[in-house]
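Form predicted on its own, single chain, as structure tokens, below.
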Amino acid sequence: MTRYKINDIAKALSATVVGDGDFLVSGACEPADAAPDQLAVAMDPRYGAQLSKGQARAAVLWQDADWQGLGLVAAILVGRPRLAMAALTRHLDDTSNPPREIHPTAIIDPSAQIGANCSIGPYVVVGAGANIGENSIIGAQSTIADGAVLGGDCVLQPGCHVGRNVHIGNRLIAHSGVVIGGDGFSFVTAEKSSVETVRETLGDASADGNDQTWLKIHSIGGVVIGDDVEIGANSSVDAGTIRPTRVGSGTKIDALVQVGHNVIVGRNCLLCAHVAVGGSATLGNGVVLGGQAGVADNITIGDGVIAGGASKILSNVPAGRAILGYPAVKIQTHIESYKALRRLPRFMRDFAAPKKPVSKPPRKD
């Protein structure tokens, strides 16, 4: 079992150590459940009381905590808890460093280039002309298509698939089931379809007997992904039709997210679970889309926009706006509309209630 010295953990967190910095812990735990050899995580005074329910002798605490009064032999004092949590979990994560070897069952085309110190897992398939950067980890049963480019220090967890014409920067993390570069959902009919009619008329779904056989528009534009991108389990980024779909550096994509063909996602965006971005939409830098948000095709969302969960964005959004609802509007507008909707039944009851007749006062000439 790996053991960690308090001094080393504090160094990784750029935090202050008090007490016995040589004390060893086997891992982290919530305060009430911590064993004597575990590091309790109680970075807020609200969680300090839970320490007495566990057996921890060391903890990560808030900046001015009375660590001795809490009965500890060692403590790490941090200022910004969630930032400290990022560093702590990174330091204690020992699952991302498999043996640096190519498994004998992997199938790698002789023309593919594999960088130094890579790990290629069982039953991985690497196509002709593919290029994998140094220190990258390719999990079991993943596939990398002909000509695809993967930067250095990338991690593909088991069962990821990278398609043709895909160019990925450094330090990508793709969780199991991710598909990058699959075909976009793009079809056309020989004559005007009922969908085109609805777009034009905003209501008429008739196609007047036209042939409604769907003909596939192939996706040959590929995908370009920047550096330090993370993509959650079972998410997909579709290839562009002619030009590539793009995901900017630093963007983080949650599980079960769909990024359609020709989409442009800016830098440092957050796309939470079940988000769907329609084809040819453009997201600026720093856009945050809450869970189950939907973005209509061919619209533009400006820099810094934040959309609350389940928002449905049907038109362009200017930079810096916070939006919510279906259709998505300014959060303040949505709240006022929601309040009015809640009041509507009472208003209708009052409106329909019988009214006492009011006699007119006599006229004064």
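Remember, it's a predicted structure, so these values are computed and weren't measured experimentally. Numbers follow the displayed sequence, beginning with 1.
Below, we turn to the form predicted in complex with another copy of the chain, even though it does not appear here.
Segments offered: 282-290, 110-118, 129-137, 68-76. Contacting another copy of the chain in the predicted bound form at heavy atom distances within 4.5 Å is 282-290. Contact check for residue 166: every heavy atom lies farther than 4.5 Å from another copy of the chain in the predicted bound form. Residue 146 belongs to the set of residues with a heavy atom inside 4.5 Å of another copy of the chain in the predicted bound form. Using a 4.5 angstroms limit between non-hydrogen atoms, residue 175 touches another copy of the chain in the predicted bound form. Although the partner is absent here, residue 326 lies within 4.5 Å of another copy of the chain in the predicted bound form, judged by heavy atoms. Proximity to another copy of the chain in the predicted bound form holds for all of 158, 258 and 276, with the criterion being a heavy atom within 4.5 Å.
Along 218-241, residues 218, 220, 230, 233, 234, 235, 236, 238, 241 each place a heavy atom within 4.5 Å of another copy of the chain in the predicted bound form.
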